[in-house]
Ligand SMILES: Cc1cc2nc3c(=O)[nH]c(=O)nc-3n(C[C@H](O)[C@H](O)[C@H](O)COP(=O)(O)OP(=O)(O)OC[C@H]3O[C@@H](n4cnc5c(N)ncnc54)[C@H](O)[C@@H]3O)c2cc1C
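Encoded as structure tokens, the following chain is the form predicted on its own, with no partner shown.
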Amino acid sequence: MKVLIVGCGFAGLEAAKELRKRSRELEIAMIDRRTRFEYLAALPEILSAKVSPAELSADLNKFAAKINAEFINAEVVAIDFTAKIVKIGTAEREIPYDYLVLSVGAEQTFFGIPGAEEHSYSVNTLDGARSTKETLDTLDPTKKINVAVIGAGLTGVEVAGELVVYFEAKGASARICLVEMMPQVLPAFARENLANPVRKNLTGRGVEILTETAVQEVGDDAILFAGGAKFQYDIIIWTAGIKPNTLLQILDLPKEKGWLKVDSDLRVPGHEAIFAIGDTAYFESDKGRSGQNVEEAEGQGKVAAENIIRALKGERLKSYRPKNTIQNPRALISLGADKAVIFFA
């Protein structure tokens, strides 16, 4: 019996680990277009050199070998759900499965704003964070540097904090502008008792915060905001929003807002052998909708693995119970300089 896991982020690796823990006989294969696992939550810390890229990644081949699984470094181009086959690369190779776990995660979105993708850097991948850090290092520290961080959610706030540390260490003068379309920083939390101290910390360290400010267009050297104001920049770091992985667009499966819809047992409706977990999945229960975070990804990975084992034994599947929901989120938010905020709803 073979379980195929597509996507080796937090959810996929947790599922693989739990499957092996529960069964020594099961054949497990993992597919990812990367060769290294990336600790996405801490990528902003690369900017201040608090950690190195190597410290935030791990070899997927070694992980697979440790749990006696197969790792396939390839990009999935199609899935035949009737034949139970995943096609990779140029579609010349086909990987069969008995159970399929989809955990391909999310991608950065630029909301179709002209020039945003072409002119922005990011920290949503290891390569992106590395490239952003390298570009920061090319800026002339003897001149005033203008940096725009677009999006004041968790990642944007953490990036702003790490940039303060970075420029202080360089002895450089920098204008760091954190831009948010919503009325407050950390809009997903919708609580002033969290937003206010975070705003106070960042502004007290020199970060300029612009809320209720939407980006209309990005040019070669300036951002045009809705309303006509402009911001001259040396570098833009984009942290505003995510979208479903490109693979999901070609899959004929039930979706909600582009994400794969799942039942209470984390199976895709109408497909008893397909599970979707992590940022890939749209899961909602009476406790709320699962947040797209590490805690939920790992929790879903464990339950999906347990349910595959239960299904093989003919047992009743377990219902997933979210803990870190969109309605009641919780998080540990790094502000740089050894400062952080912990929030529990």
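Throughout, we count residues from 1 along the sequence that is shown. Quantities reported herein were computed from a predicted structural model and do not represent experimental measurements.
One more form of this protein exists, namely the form predicted together with this ligand; it is left out here, but the text below deals with it.
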Exercise. Counting non-hydrogen atoms within 4.5 angstroms of this ligand in the model of the complex, say which of 305, 47, 297, 28 makes the cut.
Key: 297
Quiz item: Among 186, 123, 178, 218, which has any heavy atom within 4.5 Å of this ligand in the model of the complex?
Solution: 123
Quiz item: Taking the partner as it appears in the model of the complex, which of 31-39, 282-290, 307-315, 61-69 has residues with heavy atoms within 4.5 Å of this ligand?
Solution: 31-39
Quiz item: Would this ligand be touched by all three of 213, 237 and 326 in the model of the complex, meaning a heavy atom each within 4.5 Å?
Solution: no
Quiz item: Given that the partner is absent here, does residue 263 sit within 4.5 Å of this ligand in the model of the complex, heavy atoms only?
Solution: no
Quiz prompt | Contact of residue 12 with this ligand in the model of the complex (heavy atom, 4.5 Å) | solution = yes
Quiz item: Using heavy atoms and a 4.5 Å limit, would one call residue 105 a contact residue for this ligand in the model of the complex?
Solution: yes
Practice problem: Decide whether residue 76 counts as a contact residue for this ligand in the model of the complex under a heavy atom distance cut-off of 4.5 Å. | Solution: yes
Quiz item: Considering only 230-248, what residues come within 4.5 Å of this ligand in the model of the complex, judged by heavy atoms?
Solution: 245, 247
